[in-house]
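Two forms of a single protein chain come next, each set out by itself as structure tokens; they are called structure 1 and structure 2.
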Structure 1
Amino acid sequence: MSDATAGNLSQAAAEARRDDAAQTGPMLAADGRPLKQSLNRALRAQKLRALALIAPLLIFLLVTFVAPILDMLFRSVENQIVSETLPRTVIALEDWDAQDLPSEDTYAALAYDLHAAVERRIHTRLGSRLNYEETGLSSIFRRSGRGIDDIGEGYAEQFIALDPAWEEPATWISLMADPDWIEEQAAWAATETEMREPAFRLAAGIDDMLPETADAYRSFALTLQAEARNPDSPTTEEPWNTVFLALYRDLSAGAEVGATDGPEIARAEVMRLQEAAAAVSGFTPVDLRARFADIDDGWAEMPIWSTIQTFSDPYTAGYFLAAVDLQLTPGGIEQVEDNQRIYMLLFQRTMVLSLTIMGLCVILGYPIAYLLSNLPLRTSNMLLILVLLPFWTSLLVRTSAWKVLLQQEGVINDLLVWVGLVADDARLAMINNQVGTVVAMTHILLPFMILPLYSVMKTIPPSYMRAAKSLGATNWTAFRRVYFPQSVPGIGAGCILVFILSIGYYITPEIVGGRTGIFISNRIAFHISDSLNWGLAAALGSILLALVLVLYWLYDRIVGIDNVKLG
């Protein structure tokens, strides 16, 4: 009986084994899915949960911090202002060989562009932009703003003398405007709504017949309508003189004003145009180049034209070149004049002073960290407070303290005079120069050196030194061959941290640095808030940022971002 049972059991086990063997598929989890798939799913869920927790912060930072920085980087190469303000001139200059002054056509293009720019009050902005590249251009543009109306004046007078109807806005509307627009405009005018006048549209075909006139009139009409404070309507305003200039140029170029396949224009306008076309050959021509030279001699000289041509691309390396004391000239990249080379000097000084500060921090921080890590915990915790208190004290408090201490009438000078080391009339200049910057910043950054050094030194077992000494090393040898090499990672971490923080400093050099102790940051701030050369500020900022990111990467490689500790 028992044998039979045993036999049955072993038979059942064998069957089960056979079943198992027959099932060649993957191992299954409790819910019947393959274990691997199930595991992957759990892992994916875990990843998604982690990302969901991180996402709000990441999005927040991307919007409030990363996007602004990318925006700034973009600003350092952006240069749309020239091509946006002088679109026609930029095109006209494309094939200009920069040997002689540009052609009369280019001057005409400039006249149209400049007139629109002046009416939109953006010509001075362009002037100050180009002034960064070539001094003096700013005033040329400002003066041109006042004189631009004179440019086509001669032609306007002659057209009006020929037929007073040219003075009437209605003449131009019926010649230029799309009949549908005229209807819309009339409907709009009848209702007196708060809405803006419908945007001006050219009549079909007019720009084929009178290309320059249509273009100039369109820009006149749209500029009037776009006036921010009090928009005006082309139906009530006489066109700018440059529109008459365009009409003269079109007609004298032989526009076919009577063609039957041209645009549908009222009979009266065609007659008027034909009459004008017949008359233009008898007009007194106006020398545009001379007219511009009347406004400002600069327009009859080469530099302004080559500068416009050089910076007509919507993107430029000009700011970056300026940031390293080079400049883009029509002849290629050149160094700026000796007396204007300030940025390389500033970068150099920032690096040298930061290295000095870093070195001083190592020299002062090493003994302290060594002392702290080798004292009994209770004592060292007490002394650590002397390091942490400055660390927690407001940057401005510490900077103002150094200002108080280092001034000529300050505490240290008073002390030296009182002791008799320094004569009262020969007080030391320790502030508003490099000394001030180095001293104050060493003080401010010293805790950033001590804390990483201390955390590394705490992990060095004291028995190593004792072992070395027991093997016959002197104190100095034991320190040099055993202790110091183990503390090097701490020095590295502290140095990179101090250096990164130091090259970006702004506040302290600004207050105690004077003229010779300032850093590149101070110059960036100056360009943003005082000189308003934002592109250059952005380029300087980008270079500084690149430098910091390289160091940051290095820090991550050596120390690991995860291992940064505070306090």
Structure 2
Amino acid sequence: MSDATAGNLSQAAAEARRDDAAQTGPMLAADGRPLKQSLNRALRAQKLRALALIAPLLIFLLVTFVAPILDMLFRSVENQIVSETLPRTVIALEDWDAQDLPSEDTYAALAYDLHAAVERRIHTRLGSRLNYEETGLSSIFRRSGRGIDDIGEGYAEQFIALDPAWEEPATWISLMADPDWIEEQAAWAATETEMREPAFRLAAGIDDMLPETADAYRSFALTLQAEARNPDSPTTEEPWNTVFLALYRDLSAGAEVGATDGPEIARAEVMRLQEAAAAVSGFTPVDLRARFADIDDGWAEMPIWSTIQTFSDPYTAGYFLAAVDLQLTPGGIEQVEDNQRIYMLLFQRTMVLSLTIMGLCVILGYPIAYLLSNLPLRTSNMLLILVLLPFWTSLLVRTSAWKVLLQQEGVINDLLVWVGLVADDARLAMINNQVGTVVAMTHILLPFMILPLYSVMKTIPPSYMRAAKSLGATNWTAFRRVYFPQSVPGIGAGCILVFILSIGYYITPEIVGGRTGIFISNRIAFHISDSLNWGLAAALGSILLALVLVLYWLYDRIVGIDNVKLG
């Protein structure tokens, strides 16, 4: 058959297939759907069933593993307490040059913020937070909480002396509240309901006429209503003294209290405001800076203001800087004092001692695992029980036992003196230092090295060593070139287990490590349970996590994570 004839036949066959496909359409499944669509539907259903099967485990991992880590990372940079507790002060300090003490406006903003924080009982939390950055600020905020009610008291007395109606809550409600809110509040008060009072709303335009007063009064009203256990109503409570301070500042600044386009307030209130506006020029002014200094001298010094300004952002790198012995100051990042540099030393010590413990575990665990894997099964099982025995004993008991054994008057020193290796007056110091930490943790973590090694060595056929020897290799050469390379996956698995467990241990170093044998984990535990500096603890934990990931990456690049086997 010629090529031209064959080509014509192929073309005719292709045209025939196209005509057939055009007449019959796509291939259909048994349910009448196109085969491709039916196949995709079946595969999608299989994927959904598989996802449903692993969903409980996936949710468990997200809740118990991923979520805590994400929360830790967030806490290491979160700093919203400053801006949320002192919002007006933070804004007032935005343009402060940190050369002189802030202006009276800033002190007034602090008075409004601090009074609300004291009523909400959160000023001590703020003091504790700032005390992490500047020692002594916690006590300043506590003392200020006790004296904040005195700020503005002088103006309150002068307004009330001018017109006793300023002392009445009804006067302020008539002046400040939205008429609709007044009706809603009256309807709410008329009914015996367990629902909370309607949230206070300002009258339209009052914040334009009296901006500071409206802001201070709204803070007062909403704080009263937000009281968790015994909420009060602004209709029954006299405003804070800081509200009178705000009214004095607004009227002194020339507020147009008689403007025709201002808020619709009662004629009596307008006249009262006009009377007060005319009288404030004769009031005895209050030096806010001096009043705060009377409460605590710290408010007349620069450090507290610099600290508030520096840590006013909702997110901060201050915790991470503190975790590496640096600090954030108005002038930039600086190193902390020499006597305060502890975290870098602890990180270095944690890494060095963890690697030392890991190395000792390899040296001690390898021959034990080799022996277990080459003994008869009955004997090796009995010895394996001895290896597992520490798992059945409390960690605290094992650590306490080492505390007894390693003392200068302990069993080991007595034995060394008895055999004559050390003199009685030169007993070894093996406890409350790094030696105690290394010895105790090596013993505790040794099973985590032996078990992966044993499970890998058990799978190495003895015939390989016999074959190597039959080919002329010595025992050492056969071990080095045949047996050892096959046991490397077990070494890798054991090293990862021991090292990661070592850097996170804190009970054993705390008991036997003393001052020089503790790890960074001990400081993390201290900040979580004692100092309550969770931000710094989270930053230290995040750095530790990053170090582990970097080492894991290096291990993968050098050894290969595929070589890690547990059996």
Partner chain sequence: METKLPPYATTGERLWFYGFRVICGLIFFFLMAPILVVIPLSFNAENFFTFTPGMLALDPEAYSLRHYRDFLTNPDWQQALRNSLTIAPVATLLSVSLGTLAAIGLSQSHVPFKGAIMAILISPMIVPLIISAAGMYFFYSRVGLQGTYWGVVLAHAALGIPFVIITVTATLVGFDRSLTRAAASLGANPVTTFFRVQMPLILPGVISGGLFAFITSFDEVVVVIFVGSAQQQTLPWQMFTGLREQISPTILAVATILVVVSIGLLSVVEMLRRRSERLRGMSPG
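Here, residue number means position along structure 1's sequence, counting from 1. Computed from a prediction, not measured in an experiment: that's the story for all the values here. What we label the rigid core is the largest C-alpha set whose atoms superpose within 1.5 Å from one form to the other.
Structures 1 and 2, same chain in two forms; the form predicted in complex with its partner chain is found in structure 1.
The two forms, fitted on the rigid core, differ between the two structures by less than 2 Å at the CA of R142.
Core-superposed comparison between the two structures: the C-alpha position of L375 differs by no less than 2 Å. Once the cores line up, the CA of L446 ends up 2 angstroms or more apart between the two structures. Once the two forms are overlaid on the core, A42 shows a Cα shift of 7.7 Å between the two structures. Look at I511: with the core superposed, its C-alpha moves 3.1 Å between the two structures.
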